[in-house]
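Shown below, as C-alpha cells, is a lone chain in the form predicted alone; questions about how it binds or moves come after it.
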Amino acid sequence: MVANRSDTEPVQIEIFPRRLLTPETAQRVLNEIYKEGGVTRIMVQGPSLSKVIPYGPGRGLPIEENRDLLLEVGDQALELRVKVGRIWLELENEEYLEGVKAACERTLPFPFELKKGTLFHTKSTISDYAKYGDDIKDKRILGLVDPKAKIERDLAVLSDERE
C-alpha cells in the first residue's frame, strides 16, 4: 500500500469542550492525549485567570484560588494562566486522530467537539522573526510567541522521548 499525502502530513485539530475545564481535568485530558503519542504541538486557550482582583472595592487583593496552578504534561510543569476552554493540537499524521478522540471520551465527563483545520502558523510570523531572527531551529514554536511577553515562560518543549 502506498501512503498518500494526507497520511503523512501533520494534522491540526481543535478540541472544544462544552464547559471550561478545571485545572485537574485539563491536566488529565492533556496527559491522556500525550500518552496516545504523535503530538507535535499543544496550545490551550481560554479566559485569563487573574492573580489579583482587577476592579471593585477589593481591587489589587490577591485571588488565592488562582495561585500556583500548574499543569504537568509529560515531563514539563507549566503555570496555568487561563481557564482552559479550547485545546489546539498538531499531530504527526491522521492515524493519531482516533487515539486523541478516545482520550477525550475517557477523560471529559461532558460533550465536546473535535474540529480539523489549519490552526497553527506554518511560516515564521513577524513576532517570531522579532524574537528569534531568521533562523528558527525548532519549527514547533512557530506562531506560539506572545509578542508582549518579556520572557518565554508560557512556552515549553516537551521531550521527544516517551516512557
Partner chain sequence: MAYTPQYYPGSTSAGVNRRKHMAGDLEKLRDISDMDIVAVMGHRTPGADYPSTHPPLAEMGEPDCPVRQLVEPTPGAAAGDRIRYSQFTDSMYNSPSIPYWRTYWAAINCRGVDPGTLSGRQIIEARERDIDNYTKTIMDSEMYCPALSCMRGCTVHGHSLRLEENGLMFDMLARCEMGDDGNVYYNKDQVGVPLDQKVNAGKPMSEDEAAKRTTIFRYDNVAFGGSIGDRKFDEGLIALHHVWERRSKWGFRPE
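Numbering follows the first chain given and starts at 1. Worth saying up front: this structure is predicted, and the values here are computed from it rather than measured.
Separately, the form predicted together with the partner chain exists; it is not shown, and the next lines address it.
Participant: Which residue, L119, I53, L97, L114, has a heavy atom that falls within 4.5 Å of the partner chain in the model of the complex?
Facilitator: Selected option: I53.
Participant: Here the chain is shown alone; which of L49, L69, A102, M43 has a heavy atom within 4.5 Å of the partner chain in the model of the complex?
Facilitator: After the contact test, the surviving option is L49.
Participant: Mark L21 yes when one of its heavy atoms lies within 4.5 Å of a heavy atom of the partner chain in the model of the complex, and no otherwise.
Facilitator: Yes, L21 lies within 4.5 Å of the partner chain in the model of the complex.
Participant: Any of the heavy atoms of G85 lying within 4.5 Å of the partner chain in the model of the complex?
Facilitator: Looking in the model of the complex, residue contacts with the partner chain include G85, since a heavy atom lies within 4.5 Å.
Participant: In the model of the complex, does Q12 have a heavy atom within 4.5 Å of the partner chain?
Facilitator: Q12: no, not in contact with the partner chain in the model of the complex.
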